[in-house]
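Given next, in structure tokens, is a single chain: the form predicted on its own.
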Amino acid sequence: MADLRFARIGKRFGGIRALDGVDGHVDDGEILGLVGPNGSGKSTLINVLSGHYEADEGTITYGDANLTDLPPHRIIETGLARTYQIPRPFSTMTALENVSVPFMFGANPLPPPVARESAMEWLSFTGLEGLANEPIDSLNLHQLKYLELARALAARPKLLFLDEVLSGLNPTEITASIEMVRRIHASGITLVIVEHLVRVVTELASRIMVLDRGTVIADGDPKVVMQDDAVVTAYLGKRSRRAEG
């Protein structure tokens, strides 16, 4: 059992303070929804926790492992993986080759034939098996999002960050994707979902953390959090009727 914990996380970009003393945790086995308005620091926090950015201050631990200063490839070895908001496939490879890479170069590398067989399982899971040998430039946004997910799952994570993996999908695709995320969670993977679509977060998350201007303004039960006056103000830019009354 391993919980992710982070304390006093700070991150600056020039004169902009993107994260300002963020404290939080992700409990083993839960689905945490990470939400907030544009520019609130959601993706920056994921980038820091996954090692894509180095924190200017603060500490990060996962179980007994101190992740604070580890590079991304070492963090992956501890069991953390992530998707990117904008898919980042290897453009000169096929879909199958893209998903095979984590199997061949991860903490416990597999020989190419076994890696391809394992990669095909995740392509099938995400409905992309029919596109296994297709070049990347033939895939649409929906398919690229699913390829990004398949590649992250190929890293065999214990905890997976999903950074707006459902953005840009139509309502039918979103419904199917919600069920897919539930199956991923049921397989034993802890999830952190960064998402603008409130429907997705409230249907999936057991807990919601809300960021605004680089700080945590709410953390708790989704139904309670999404009615919080500070959260409503952050999203709508005005006070709720309850606060005005």
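Predicted, not measured: the structure shown is a model, and the values here were computed from it. When you see a residue number, it is the position in the sequence shown, counting from 1.
Separately, the form predicted in complex with a small molecule exists; it is not shown, and the next lines address it.
Per the 4.5 Å heavy atom criterion, the small molecule in the predicted complex is contacted by stretch 34-42, the sole one of 34-42, 173-181, 65-73, 198-206.
Residue in contact with the small molecule in the predicted complex (any heavy atom within 4.5 Å), chosen from T94, S118, Q85, T78: Q85.
For the chain shown alone, V224 is not a contact residue for the small molecule in the predicted complex, no non-hydrogen atom being within 4.5 angstroms.
At a distance threshold of 4.5 angstroms between non-hydrogen atoms, V22 is out of contact with the small molecule in the predicted complex. Contact check for V231: no non-hydrogen atom falls within 4.5 Å of the small molecule in the predicted complex.
Contact check for I9: no non-hydrogen atom falls within 4.5 Å of the small molecule in the predicted complex.
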